[in-house]
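Just one chain is shown here, as structure tokens, and it is the form predicted alone.
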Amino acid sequence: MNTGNFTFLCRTKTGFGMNALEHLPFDLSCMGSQKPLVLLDNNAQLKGCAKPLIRAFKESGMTLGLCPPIDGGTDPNIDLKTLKNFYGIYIDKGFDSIIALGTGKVADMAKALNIAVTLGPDTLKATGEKTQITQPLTPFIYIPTGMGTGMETDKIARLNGKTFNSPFLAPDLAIIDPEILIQDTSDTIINAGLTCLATCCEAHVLSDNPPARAYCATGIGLIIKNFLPLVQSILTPEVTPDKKTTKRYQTNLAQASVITGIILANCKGLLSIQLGRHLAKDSTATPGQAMTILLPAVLDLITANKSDLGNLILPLSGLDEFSSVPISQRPALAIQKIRSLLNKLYQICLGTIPRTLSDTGVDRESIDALVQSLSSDPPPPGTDIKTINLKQAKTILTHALDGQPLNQAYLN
């Protein structure tokens, strides 16, 4: 592993565990804030997630504002009328910080609002180089109510097709408190869990960034120990989940998603992530499913030093199995571990979760068309994938079609 040149930046302080919310007023005061504004979605509002947050500020002497809940549906676009309304509330009432209570669209809305209230709303209209954020923004707190995909703590903000990329867009603080977590749907958990797994696994193998690898190992361990048990507890009708155990699974997975965002902010060129997002547009798979299906072929093809791939066994399986497997067998076993997880998920979900590309509706005849569409679809700013040629892209898709291992070296 080359450790000669690397940078690693984590701007997000993490508060984790019971009573983590109780420290929030103190943390905000240290940032110079006395009047935070809370953004949340309909689900968080209906499940009463704001109540523990309000209690945490009861004796703080601070003024806590609560915006009307936004629609947290599947449409990724932000309602600009709502954003303008929130901007007016923030400015007119004199708020001085932003809290995002929820995942996904709530975090994007909070980042867009932060740009507007700090740099002016015209910044959101800028294009090209003018979209660069080069100065600190208003204090921004992220409080997940479930498992996210990592974009919440990434340094990327998305506004209806426009992308802003700056370290200052990452939250200053992420609070993970089991009291505020609600039960996600199994579809949400599966997509988020697989997205986080693919991100952490690829960065662990391909990154030459030692701090990032340490974060990746922690994220992978949290997912391996909590992801499948949580999905199984939700989808097994004859099993009554233990609330305490389920809450522990949720809390640990929320932490894994926070870690994933930090990885995304520090490790560019994650091929399975970009390919998976593209593939999801042309198949029945969600982005997270597509990423994990492609991941074994990506790792097998792109990894120049196979010992880096073999080291993935340590976070995937633990020290005992890592030390008991011969070095020469570790790379193949790491690939098999990822495929075994997909197979187990397929079993738990009674065949509704794809294991291979063919399960997603892709057939061999459509591979060439997919490869060509990849070359004509440039990645968004800040997420540039590794440069691969069309032959390599076709190799990845072909081997992911039926999950067969690659028995060949790196293709030039």
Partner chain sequence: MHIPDYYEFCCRVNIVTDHHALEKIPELLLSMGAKNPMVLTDKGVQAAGLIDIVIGAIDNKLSIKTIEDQVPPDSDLKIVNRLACVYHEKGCDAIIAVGGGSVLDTAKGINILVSEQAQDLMQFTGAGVLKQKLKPLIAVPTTAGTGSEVTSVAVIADHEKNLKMLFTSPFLLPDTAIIDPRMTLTLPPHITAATAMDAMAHAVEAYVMLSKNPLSDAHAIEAIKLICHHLVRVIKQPSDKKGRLALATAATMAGIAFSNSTVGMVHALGHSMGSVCHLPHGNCMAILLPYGLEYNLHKVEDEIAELLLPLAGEEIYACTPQKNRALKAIACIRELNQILNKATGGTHPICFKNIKDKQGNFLVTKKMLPEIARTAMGDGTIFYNPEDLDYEDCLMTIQAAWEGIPLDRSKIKQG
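What you see is a predicted model, and the numbers here were worked out from it, not measured in a lab. Positions refer to the first chain, counted from 1.
Keep in mind that the form predicted in complex with its partner chain is not shown, yet the notes after this line are about it.
Against its partner chain in the predicted complex, the set Thr74, Val231 and Leu341 makes no contact: no member has a heavy atom within 4.5 Å. Note that among 132-140, 145-153, 118-126, 279-287, the stretch whose heavy atoms approach its partner chain to within 4.5 Å in the predicted complex is 132-140. Of the heavy atoms in Ala265, none are within 4.5 Å of its partner chain in the predicted complex. Contact between Tyr249 and its partner chain in the predicted complex is not found at the 4.5 Å heavy atom cutoff. Under a 4.5 angstroms non-hydrogen atom cutoff, its partner chain in the predicted complex has Asp172 among its neighbouring residues. Proximity of Ile348 to its partner chain in the predicted complex falls outside the 4.5 Å heavy atom cutoff. Ala217 is the sole member of Leu235, Ile335, Ala217, Leu83 with a non-hydrogen atom lying within 4.5 angstroms of its partner chain in the predicted complex. Note on contacts: among Thr245, Thr163, Gln329, Ser323, the single residue with a heavy atom within 4.5 Å of its partner chain in the predicted complex is Ser323.
Residues Asn252, Gln255, Ile259 are the ones in 245-271 with at least one heavy atom within 4.5 Å of its partner chain in the predicted complex, listed in sequence order.
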